[in-house]
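Just the one chain here, the form predicted alone, laid out as structure tokens.
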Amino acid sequence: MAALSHLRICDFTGQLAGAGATKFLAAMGAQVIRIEDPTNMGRWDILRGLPPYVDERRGINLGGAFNNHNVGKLGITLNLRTERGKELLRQLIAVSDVVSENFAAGVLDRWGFSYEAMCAIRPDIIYVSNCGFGHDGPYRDFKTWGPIVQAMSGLTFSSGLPGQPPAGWGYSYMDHTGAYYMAIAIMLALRHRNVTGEGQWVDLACTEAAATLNGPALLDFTVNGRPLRRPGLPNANRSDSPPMAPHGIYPAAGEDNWIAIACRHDGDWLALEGVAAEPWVADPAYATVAGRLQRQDELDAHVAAWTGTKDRFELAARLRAAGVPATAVQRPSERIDDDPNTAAWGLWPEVHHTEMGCVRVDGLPVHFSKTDWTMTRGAGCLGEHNAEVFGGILGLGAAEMDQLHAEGVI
């Protein structure tokens, strides 16, 4: 028995902010039934059928990102524009512990499946919704994506270099983090039900989740009156709290190669001095953290000139041997294929997908000594598990399922 194998989740989540949450639970053993619309080829989730691909084949079941976010889930189709489809959903909710979705606010309500309607089907149901602004307040009708959430919450404002526009991130940070918050919310609601027997509606607003990540910057402004953007700030490569210098990403030999170095205290600086053996490291002005912070632009220029001629992996190894925190900035292929810790940790397991074959996916960045996660099965193809769910769980016969398929219900 896996840790969550006693749970069944009726899952409408898509993309990553939602699908990533139920992926966690599926890896821990929960039966996650991923519901899709048969009338638009599963396009509730725009990632289905989109790149990256494993080879030259293209198709609705071959989207690499969709597979990555939905490993281990059962995939069914259900046309909720039909009354029979709605009745089948009611039956599924009746035997489920959780209903999860990350549609825009009010979508399930408009389909006739408000929280109150779900409670009438199963009184202790847990309904977890995850949308940009939640279901209350003046912004409830706005739709968001991860980058919009990041900008709206202030996170994008905090990432960049002095005198330059906010840089943000090269990927959808709050889609990933929103999924983590949603997984936590589901587990907390289940915990409450275990103790009290009560289900509940968990209304998650992704922008509010993102706003909580601004803690130090908000505190600095609230208490000290210091805005985040002021002369010399922000510099997303540097550390002011706690103060460290040098602390940044520096060029290395070759095209677009980089190394990360951080000196936490004067002991680290002395260790770096021993490795660098350059005239500038002996400058008394750099002997203390305070002195190095005062001349950080100048110091970074010296460090960059020194690292710029060195192999990033070799230099990082020398610095670490001396006790200085350092690492080569790795490309994805280097981290996944060449880093010895990858195989040791098992972060990229191989799963079998019905059409793609054997492919690697993102595992979970945590291991449990007693109830560890497993990933062996890829995401369901469109409607792949209709027979298993409608027949095995709801008890429909083969002839009835054929009829439902012919009528466009499944």
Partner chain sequence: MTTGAPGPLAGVRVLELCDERGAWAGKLLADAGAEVVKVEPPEGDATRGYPPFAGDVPGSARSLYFWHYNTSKRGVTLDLGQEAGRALFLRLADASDILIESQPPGRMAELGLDYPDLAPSNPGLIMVSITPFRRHGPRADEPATDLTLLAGGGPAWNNGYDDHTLPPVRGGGNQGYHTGCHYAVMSVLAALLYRDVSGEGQHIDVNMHAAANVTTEAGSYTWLVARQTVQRQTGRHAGVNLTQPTQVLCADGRYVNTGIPPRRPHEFKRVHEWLVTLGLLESFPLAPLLEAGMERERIDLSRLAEDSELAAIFGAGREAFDFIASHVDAYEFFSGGQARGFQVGIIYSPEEVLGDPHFVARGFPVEVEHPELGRAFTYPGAPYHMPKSPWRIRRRAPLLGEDNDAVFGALGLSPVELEELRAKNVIS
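In this text the structure is predicted, and so the values were computed from the model without any measurement. Residue numbers count along the first chain shown, from 1.
Note that the form predicted together with the partner chain isn't included here; everything after this is about it.
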### Message
How about Ala328 - does it come within 4.5 Å of the partner chain in the predicted bound form, if we only consider non-hydrogen atoms?
### Response
yes
### Message
Contact with the partner chain in the predicted bound form for Val223, defined as at least one heavy atom pair within 4.5 Å: yes or no?
### Response
yes
### Task
Look up in the predicted bound form whether Thr177 has a non-hydrogen atom within 4.5 angstroms of the partner chain, and give yes or no.
yes
### Task
Please run the contact check for Arg48 against the partner chain in the predicted bound form: heavy atoms, 4.5 angstroms, yes or no?
no
### Task
Name the stretch, out of 79 to 87, 127 to 135, 273 to 281, 106 to 114, where some heavy atom lies within 4.5 Å of the partner chain in the predicted bound form.
127 to 135
### Task
Note which of Leu92, Ala260, Ile121, Val289 lies within 4.5 Å of the partner chain in the predicted bound form, where distance is taken over heavy atoms; exactly one does.
Ala260
### Task
Could you spot which one of Glu298, Asp266, Asp337, Glu314 gets a heavy atom to within 4.5 Å of the partner chain in the predicted bound form?
Asp337
#### Entry: in the predicted bound form, residues of 333 to 352 near the partner chain [heavy atom within 4.5 Å]
Ser333, Arg335, Ile336, Asp337, Asp339, Pro340, Asn341, Thr342, Ala344, Trp345, Leu347, Trp348
